[in-house]
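Presented below, as structure tokens, is a lone chain in the form predicted alone.
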């Protein structure tokens, strides 16, 4: 699939499942997605922040408890739900904008930090999206990535694969009434770069002093890096 075709496929896919997206996230992760997002947000610096691939805005809302934030996504149907949440919660320090992660419409260095949760694997050009996040964050600011990973424990991995490849797509298709999106999820995770490779992509994009945290037996990984800092790779497991 070409980058252009992937971009349009992903846009239509998320538009089609937007109404059931939040419910399925909580259901299929057994509620752990809330913990994963809180952990990732805790790695951001205070200040003016950007949530890339924001979707329905759960990360932006978490960020907004102590900061001002822009929720950015290229799928308008998802952003509509984000805007409804903001209105219902009377949250005045969040703004929504339709934006492409690979071509962010912000000036250089305007944000103190940027985050993307479960969205970086969906962009057509990961390196370009990382470079754009690096560009719009000030020197000394921070970039945080939360993404699914492949567990490294052999026993847990085998159990996880059964759920991830068989059970999750079946439940997702049943609830969303669409087969494609929840078959796409496992395949996109399997195709995503491994931890060390992804750290390399972050460094190539100008993000340095990178460390990563495996959560919940390595189901997800949080990558944290700084803009314009000395390169240092660390590994931590929680």
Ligand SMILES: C[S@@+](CC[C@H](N)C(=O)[O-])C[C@H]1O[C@@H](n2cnc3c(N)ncnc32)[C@H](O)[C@@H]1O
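Residue numbers count along the first chain shown, from 1. In this text the structure is predicted, and so the values were computed from the model without any measurement.
Here the subject shifts to the form predicted in complex with the ligand, a form of this protein not shown in this document.
Of the candidate stretches 117-125, 88-96, 154-162, 130-138, only 117-125 contains residues with a heavy atom within 4.5 Å of the ligand in the predicted complex. Although the partner is absent here, residue 55 is a contact residue: one of its heavy atoms lies within 4.5 angstroms of the ligand in the predicted complex. Residue 41 falls outside the set of residues with a heavy atom inside 4.5 Å of the ligand in the predicted complex. Interface residue remark: residue 82 is not counted as part of the site for the ligand in the predicted complex, having no heavy atom within 4.5 Å. Under a 4.5 angstroms non-hydrogen atom cutoff, the ligand in the predicted complex lacks residue 144 among its neighbouring residues. Residues of 96-117 placing a heavy atom within 4.5 Å of the ligand in the predicted complex, in sequence order: 99, 100, 101, 102, 117.
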